[in-house]
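The structure tokens that follow cover one protein chain in two forms, given apart as structure 1 and structure 2.
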Structure 1
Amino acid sequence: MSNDMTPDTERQRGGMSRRGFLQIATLAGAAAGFTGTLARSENEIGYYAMDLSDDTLRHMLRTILRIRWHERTMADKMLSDPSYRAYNHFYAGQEAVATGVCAALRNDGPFDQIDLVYSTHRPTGHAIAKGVDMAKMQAEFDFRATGLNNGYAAEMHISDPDVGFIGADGMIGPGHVIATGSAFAFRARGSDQVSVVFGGDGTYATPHFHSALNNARLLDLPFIYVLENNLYHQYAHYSHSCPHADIADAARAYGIPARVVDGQDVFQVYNAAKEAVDRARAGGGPSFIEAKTYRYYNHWGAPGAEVGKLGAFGYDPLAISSFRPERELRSWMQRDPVDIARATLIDWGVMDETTADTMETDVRAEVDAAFAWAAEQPLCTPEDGLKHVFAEGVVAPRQMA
């Protein structure tokens, strides 16, 4: 299928049009509750993904695959490689959210023109989708002096302003308020840039959540809040801290347009993000997107996982007991973001099975090369911790009595 094929010519080839495919998928999601195998979504969102070029659609699948195999490789390293030093919160299962949102953003160009993203303590998917160099990021995770931030950030504080990835956030919530500050700066200088913050379901119970939404609405800022509702904050179901089945209802209370989407489907996420970005650029103010999704590993690390297998099903000592039903995890994995994106593009004629297989093979080789490069980089030294304490000079090393 060529990039200039119209919906009419798509129908003439005998296949389902992109619009028809998306409409059926969205209506199916709207008919099911989010506790089942489908995440509830809304059916009035525009079908913008049907207008994307084939190259862009393939790039979206490749991004999902890059995130997935980066996560799986990290998990296997933690389980099998004693020399691996990284401290990781895995994003596997949520790849479609970061990919769909960032595909709607301006990611290339001067810093005063690109859109900005603020992340969470689970930043890898957001970073890769925004364009952060995977090898340098992995070197940073492993405390290498030549890493993305010279070994000072590790996982929860990585940052790459060159691509508009302002940073991860080890605390739950403050990034939301800072992101509204960026949005205010955009409006103050007349820029059409957009500020996006990702947050988990646990952020609802923080003051930053409400402060950010309140100020964004009062000032009509070009601000988009993407809430990744993976049902659990650490080891507690979100219903223990939030009275809403849809946290989007909290945003609506502030008068902010809010959408609930199936976070397993990158095209539904993209459609909602495109609508929100267009609104923000046009001066229409903030938006809120709640993506119903699920993380395949536990809150931190790889307890309960096995080398070479996706997901964590066993005992997690940090949770004291198994905190979520195994069949719940398996149910969500039946609607895997990788499978959905791949099947959709094959159905649309954007690629065939062989091309999809080749893409995944290439991605796995790229990920392996990134980890190999990172492992060869020099580690930080204790003296490095004395640098950058002051604006100029270094702290003199001394032995404390």
Structure 2
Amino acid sequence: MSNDMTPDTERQRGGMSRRGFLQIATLAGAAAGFTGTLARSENEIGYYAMDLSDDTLRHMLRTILRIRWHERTMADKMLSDPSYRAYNHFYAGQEAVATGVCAALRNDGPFDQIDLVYSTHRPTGHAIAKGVDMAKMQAEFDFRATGLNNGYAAEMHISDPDVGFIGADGMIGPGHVIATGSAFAFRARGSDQVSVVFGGDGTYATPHFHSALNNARLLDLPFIYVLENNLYHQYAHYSHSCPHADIADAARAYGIPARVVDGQDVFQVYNAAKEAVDRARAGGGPSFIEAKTYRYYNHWGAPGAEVGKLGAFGYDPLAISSFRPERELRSWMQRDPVDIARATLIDWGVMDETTADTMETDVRAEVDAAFAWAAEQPLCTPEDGLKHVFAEGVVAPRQMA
């Protein structure tokens, strides 16, 4: 980001002029600096991010940092602490997507007024961005009795309805269809809530893709499909299962307004999300957002990673031909969502290098405290496995005579 810093005194209001000018300069800088990457933008989206309060803008960077340092701390734990039991699917590299989308949602208030988010097998970023308590989430990852879901869920199934985080879903496909059902309920009861589902490029090929989009269109549901196209599902490039370069084209075929955004730039993501949320609340029906992005770690766990270093390199366990090349990963890491958000806010004069550094230091301390708290939490009581099958009572043990 090569633009001069904006003095604090000059950036008080959310007016058009300065930020409007700056964002164009920023995008131009980004384009010059990162030609050749896959990320693209559609410049005709309204630049709503410029109207956000400084607090909100700072909160967005903070959220990105919280996700990032949670990721890195997990990776380091996995690699260095043999007593650490949690497994996980890393989100690092994609932070701007969850953050940009959730910044456009209603994340607190009574359950019948907040927006709902359906997440995936890679839920951490979505959860943090939606407002899930990090320490409780981490305790859940570590199977603790006082974790977010009392040890029943672990990473791939975390859920926190209090902040509208309906939850992770480890299956590819069904969650999208289920999410349209929430949108259906909102419309039926006359609520202006919105139902958002995150999904990877892998979701395109599922039969559920058609069901979710077709019914959302037919019934004009307040439903937003956020497709995080990180180019791969497990060990296969998405071109193996999808004939479209932009998966958004598939959504457009249903008559659903769709946007392709640079998933590394939180403000672009926000702009598209804001447009979609406004449309949904106004009764305009569904939207589709394809965020071009990349993940820095492998599909699952930390193979190929090193303690203290961001990203996992050179791991190709099955010598799969369509597996991602290391240089592709390195090229994407040049456009890091943390750097972009930070540089933009400094450029906009929302903060300076020092306050940005302080924020990062604070976040690291918060993350460390969350892990420390989680590690002290009690383990589960075996017999509790018989609870929560139904709303009331316990089921009978059957593993013993």
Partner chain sequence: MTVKTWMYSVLEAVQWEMRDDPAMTWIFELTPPVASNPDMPVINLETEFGKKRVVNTGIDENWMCSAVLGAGLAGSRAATYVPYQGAGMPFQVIQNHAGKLRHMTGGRASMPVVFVIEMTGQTPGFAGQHSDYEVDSAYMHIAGVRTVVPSTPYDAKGLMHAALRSPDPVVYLYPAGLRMLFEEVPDEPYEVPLDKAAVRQEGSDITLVGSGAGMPDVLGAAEILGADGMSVEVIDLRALKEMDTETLVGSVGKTGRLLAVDQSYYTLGPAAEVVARCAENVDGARFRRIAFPDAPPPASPEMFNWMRPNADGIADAARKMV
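C-alpha atoms forming the largest set that superposes within 1.5 Å between two forms make up the rigid core. All residue numbers here follow the sequence of structure 1, with the first residue given the number 1. None of the values given here were measured: they were computed from a predicted structure.
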inquiry  = Can you tell which of the two structures I gave is the form predicted alone?
reply    = 1
key: Per-residue Cα shift, residue 390, between the two structures [Å; core superposed]   = 4.4
ask   = How much does the C-alpha of residue 381 shift between the two structures, in angstrom, given a rigid core superposition?
value = 3.6
